[in-house]
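In C-alpha cells, one chain follows: the form predicted alone.
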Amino acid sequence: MKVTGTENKIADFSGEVIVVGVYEDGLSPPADQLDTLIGGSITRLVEAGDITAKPNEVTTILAPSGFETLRVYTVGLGKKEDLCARRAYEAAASAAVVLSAKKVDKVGYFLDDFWPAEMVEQAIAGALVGVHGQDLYRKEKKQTPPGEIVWSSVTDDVIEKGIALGNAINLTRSLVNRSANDIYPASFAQEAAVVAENHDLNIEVWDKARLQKEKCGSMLAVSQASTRDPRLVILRYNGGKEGEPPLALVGKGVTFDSGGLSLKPSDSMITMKCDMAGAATVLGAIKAIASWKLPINVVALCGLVENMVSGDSYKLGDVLTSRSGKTIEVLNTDAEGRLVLADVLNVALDEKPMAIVDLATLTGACVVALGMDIAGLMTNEPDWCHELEQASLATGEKMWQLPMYPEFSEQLKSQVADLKNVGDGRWGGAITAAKFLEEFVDDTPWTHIDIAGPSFAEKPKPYCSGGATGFAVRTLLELARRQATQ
C-alpha cells in the first residue's frame, strides 16, 4: 500500500473514494468544498439527520453522475473543541475499516486542512491500522487495503512518521493475532531479529542454555512443561548520547497460557494466544522509536515462554529461585506472567536504565476493576508514572493509576519462601500482582501497565476489527519522544 501527499484541491483529486471530516458544529473546509461539487448532498444529509458527525460515524454517499470519484465517505469528528490525537486516529481508522470492505485502488483523505502535524501523524497511522483485520489465515479476506492512500496538505516527514507508526501498531496486532502454533518463543525471536536488522538495532537472544546459565529459575519453571523452549529477547536502540542511561521497556510474552496445572477452563483459554501482547507491544514500540530516529537510548526486553501442562509442569507448592536470588512459593501456576517478569525485570536492571516500563496482560482483576478499554497503572515512583500518564493523555489511550499501598505487600509474605506468587484471595489482584513485580526493580523508577483489557477486543470496534488493538504502542512512542526532548 502506497501513501502519498498532495497539495491539490479536493476538486482535482482523481480516485474512486474521497474521505472528508464533518464536525458536529459544521463541515470541515474540505467537506464544505466537496459539498458544493456534489450538489449539496452532505448538507442535505446533515439537515435530514442522516449525518450527525458523532465521533467515528461513517456515512457513504454515492457521488453524482459525471463526478470522477465514485463514493464519498464522511467521518464524524465530534465537536471542534474536542478534537484531539485520539479522535483523529480513530476517525481515520473508522473510515478505513469501511472502505476496506471493497477493493479500492486509490482513496483520498481530506479530513481537515488545519490540523497540526502531530495530529495528522496519528490520523495517517489510523488509516493504515483500520484496513488490516485479524483474518490473517482466511483465503478470502474481509478487508482489503487500498492500493494507494493520498493525504492532503502534509509534508513528506509527516507521512513517513505516520506510516512508521501505523506499521509498528500493525506489527504488534499481527503478532498477537497470529495463532500459538505460529507465534511461539523461537518464532517471536525470529520476528524480533527481522525488526533489528531493518532498523539497525542491537539484538541478543538468550536461549534455554543461556537462561540456565543466568539462573533465571522463575522464568524457566513456567516454560518447563512445554516442548518449545523459552527465549529472552533484548533489543537496544542507541539514538541518544553514548553512555546515557536507556529507557527500559519490558514485555510479558507468554505465547500461550493454558494455566499450567491450575488449568484454565476452555472458554478462558480460547484467546490465550494474546497473552504475549506485552512483548508484542514492546517490539512494536521500539520499531516505531527507531523509525522516528528519536534521540534517546532504549532497551526492550521480551520474556517469551509457553505455559503448558505435562509431567514436567511446575507444581503448586514448588519453591523457585529467581535470578535476583529471591525465592518464590508457587500457589497458582496460572499466575505465571509475574514469574516471567520477575527474571526479565532483573535482567533489565543490568542495563542501568533511567526508568522502566513493563507491559503485561497480567490479571483479569484489572479488567474487573477498569473494564475492557482502560489499562491499569501501578508504580513505585509517582513522578515517573505521571510522565506516562501525560503521554497516554496526549495519545488518548486510556490508563488509570491504581494505589500501591504497602498493605498489599503483606499478602505476598510466604511461610516457606521470600514471596508467594499470589495474594490472599481475589480482592485487589491487579495490585498484589504489581506489588510482586515491585520486588524485582530495586529503587529504579518503574511503572507497570496491566493491558489485559484493552490489548484485545473480543468484538469489533468502529475503528478496529476484533482481535488485537495495538494498544499502548502510541503511548510508548509519545513517552520516548517526550523523554528525548527533556
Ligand code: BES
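Residues carry their position along the shown sequence, with the first being 1. The structure displayed is predicted, hence computed values, not measured ones.
As for the form predicted in complex with the ligand, it is not shown, yet the points below apply to it.
Although the partner is absent from the chain shown here, none of 187, 220 and 273 has a heavy atom within 4.5 Å of the ligand in the predicted bound form. Screening 371, 245, 396, 364 for any heavy atom within 4.5 Å of the ligand in the predicted bound form leaves a single hit, 364. Put simply, of 27, 63, 422, 457 only one has a heavy atom within 4.5 Å of the ligand in the predicted bound form, and it is 422. Exactly one of the stretches 205-213, 145-153, 329-337, 125-133 approaches the ligand in the predicted bound form with heavy atoms within 4.5 Å, and it is 329-337. Residue 141 falls outside the set of residues with a heavy atom inside 4.5 Å of the ligand in the predicted bound form.
Put simply, residue 431 is far from the ligand in the predicted bound form: not one heavy atom of it is within 4.5 Å. The ligand in the predicted bound form comes within 4.5 Å of no heavy atom belonging to residue 293. Among heavy atoms of residue 287, none comes within 4.5 Å of the ligand in the predicted bound form. Along 228-262, these residues reach a heavy atom to within 4.5 Å of the ligand in the predicted bound form: 252, 257.
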